[in-house]
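Presented as C-alpha cells, the chain that follows is alone, the form predicted alone.
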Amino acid sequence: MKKLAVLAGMAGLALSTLLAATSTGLADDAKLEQLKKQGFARLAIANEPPYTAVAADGKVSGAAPDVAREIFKRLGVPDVVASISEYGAMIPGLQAGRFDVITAGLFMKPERCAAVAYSEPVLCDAEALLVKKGNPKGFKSYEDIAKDETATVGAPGGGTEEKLALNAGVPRDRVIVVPDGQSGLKMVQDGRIDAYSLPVLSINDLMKKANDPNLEVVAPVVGAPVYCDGAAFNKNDTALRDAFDVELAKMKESGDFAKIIEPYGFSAEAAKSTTREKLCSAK
C-alpha cells in the first residue's frame, strides 16, 4: 500500500508539473494574441539615432523600431507605439509590464540576458568618443580618461558607456550622466565635458547633424568590445520572443533585414555573424 501511495504521489506531482508548464505555455502564447487584439505593441526606446528616433510629429523610426515594426506586422500586430526611456529604466519598466519589448540598442550582456529574454542579434556596433578637434587630451580609451585627473566624460545614464567608463577607473564624479545626444554634443562644444561617449553610429549621426568642424570622433574606443543588441522581451514572454525570432531569421535570409538596417549604416552581416548564445555568455 505504501508503494502504491508513493507511486500515486509521484504521478500527482508529475501531473501538477505538466499542468503548471501547460498553464505557463498558454499564458506565454496568449501574449501575442493580446497584442493582436489591441492592435499594437508597446516599445521602449531611447531617442538615439540611428538606433531609434522620434520626429517632431511623434513618429518613431530608427533601425531597431523599424525592424520591430515589420516583424510585428508579419506576426499580425499592425502597429507599434513607443515610449522614450533612460536605459537604466528600460528593464525595470519591461518587468513591470509598462512595455511589451525594448528596441533601443540595449546591448546584450550576461547580466541583462539573465533579466530579459533577448531575440537573436539585430544591431551591432562599437564605442566612440566625441571630443574637441585635435583630441587635445589624446583620449584613445576610457583608461586614458581615468588617468587624467581633470578629465570628464558624458554618457547615457544606465547605459553601456557609463559602465565601461566606471569599470575603467573613471571616478563616479567624473562620469557625467547626459540625458540625450544633443545635450552631450552641446556639453562638449561648451567645454563642460571633455568627451561624450556613445556607439560609433550614434556619434557619427550627431556629427553629421551638427556639421561642426571644431569637433572630432575617436573610434573605436581602444579596449572596448563590439556589442550587438536584440529585441528584449519579458522573461514570461519567451513564446512571443521565439515567434519574433522566426520572422527575424526569415528576414535575414531573404535580404529584407539588410534593406531596413543598412540605410542606417548598420551591417546585416555583422548581425548574422554571431548569436544570442555567444553574446550572452561573453565575459
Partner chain sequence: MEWDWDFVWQIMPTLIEGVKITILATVLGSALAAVVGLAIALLRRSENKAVARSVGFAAEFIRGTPLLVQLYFIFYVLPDVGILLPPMVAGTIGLGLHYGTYAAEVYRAGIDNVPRGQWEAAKACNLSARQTWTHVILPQAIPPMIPALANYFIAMFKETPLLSAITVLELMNQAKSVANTYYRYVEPMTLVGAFFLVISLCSVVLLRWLERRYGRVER
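These numbers come from a predicted model, not from an experiment. Residue numbers count along the first chain shown, from 1.
Beyond what is shown, the protein has a form predicted together with its partner chain; the following relates to that form.
message: Check residue 75 for me: does it contact its partner chain in the model of the complex (non-hydrogen atoms, 4.5 angstroms)?
response: Although its partner chain is absent here, residue 75 would stay clear of it in the model of the complex, with no heavy atoms inside 4.5 Å.
field: Contact flag, residue 179 vs its partner chain in the model of the complex, heavy atom cut 4.5 Å
entry: It does: once its partner chain is placed as it appears in the model of the complex, residue 179 has a heavy atom within 4.5 Å of it.
message: in the model of the complex, does residue 81 come within 4.5 Å of its partner chain, counting heavy atoms only?
response: No - in the model of the complex, heavy atoms of residue 81 and its partner chain never come within 4.5 Å of each other.
- prompt: Wondering, does residue 149 line up within 4.5 Å of its partner chain in the model of the complex on heavy atoms?
  reply: Residue 149 lies outside the contact set for its partner chain.
- prompt: Among 157-165, 123-131, 141-149, 67-75, which stretch has residues whose heavy atoms lie within 4.5 Å of its partner chain in the model of the complex?
  reply: Only one stretch qualifies here: 157-165.
query: Heavy atom within 4.5 Å of its partner chain in the model of the complex: which of 201, 117, 91, 170?
result: Of the listed residues, the single hit is 91.
query: From first to last in sequence, which residues of 182-217 have any non-hydrogen atom within 4.5 angstroms of its partner chain in the model of the complex?
result: The stretch touches the partner through 183, 186, 187, 190, 192.
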